[in-house]
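Below sits a lone chain in structure tokens, taken as the form predicted alone.
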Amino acid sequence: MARFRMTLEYDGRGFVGWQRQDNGLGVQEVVENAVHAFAGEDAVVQAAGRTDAGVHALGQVAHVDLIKDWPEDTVRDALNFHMKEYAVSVLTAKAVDEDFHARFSAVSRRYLYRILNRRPPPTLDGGMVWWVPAALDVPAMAEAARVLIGHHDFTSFRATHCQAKSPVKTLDSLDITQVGQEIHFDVGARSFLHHQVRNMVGSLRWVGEGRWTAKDLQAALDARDRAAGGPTAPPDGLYLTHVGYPEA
């Protein structure tokens, strides 16, 4: 048995998320079908994070166990061949020890959220950004974001159906920058609650619009109540960009 660690990118549009589901096509199903077509095996592909419907990935990590010890490039190229009809690509495939687990071995995850902040709507990037036509105050959002850094109970920013055992997480970074007509939110933590990034971005948009101040964001955090938080940003602008492991 050989275990392979894969780094993948995908366009989340048209998928019900990473996980195989009965109500539509998941990225996991596409990859597992490619494994079967390539290697003739019904293997389960385990990912570092179960991205939601419409959420994209630039650096998703997954692993798969195959009976034969294939060359790494063969695994990558064969899977890509059998997924060519879908917006999913294996960037790298590396042989790893059997104690590696894409999800449980991960020590950090990074997400990027993109807001297109201009009056004209997107044409080429429709479904890939959150279009916000009203001008946003980036310095105010960046200042307010400091409230969320650190070890907190993030109940106000978790989905009501989140299945995490605890709402307490440590947010390592939340950097907000202007990049041309876009506003980028670069967020890092060991792990996240369901919808945590999207709920934080939605709340920070209110700060950018002047509806909230940093004190309002602090009050929402302290309330430990989802109803006290801001809106959930759409999945369009969210990307899983990197998963960190102890060796790198």
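None of these values were measured; they are calculated from a predicted model. Residue indices: 1-based, along the sequence shown.
The form predicted in complex with a further copy of the same chain is left out here; the points below concern that form.
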query	finding
Contact residue in the predicted bound form, from N117, N80, T155, S105 (heavy atom within 4.5 Å of a further copy of the same chain)	N80
L171, V88, V147, V96 - the one with a heavy atom within 4.5 Å of a further copy of the same chain in the predicted bound form	V88
Partner contact for T123 in the predicted bound form: a further copy of the same chain, 4.5 angstroms, heavy atom	yes
Close approach of A39 to a further copy of the same chain in the predicted bound form, 4.5 Å, heavy atom	no
L58, heavy atom within 4.5 angstroms of a further copy of the same chain in the predicted bound form	yes
Contact of R76 with a further copy of the same chain in the predicted bound form (heavy atom, 4.5 Å)	yes
a further copy of the same chain in the predicted bound form: contacting segment from 124-132, 171-179, 155-163, 137-145, heavy atom within 4.5 Å	124-132
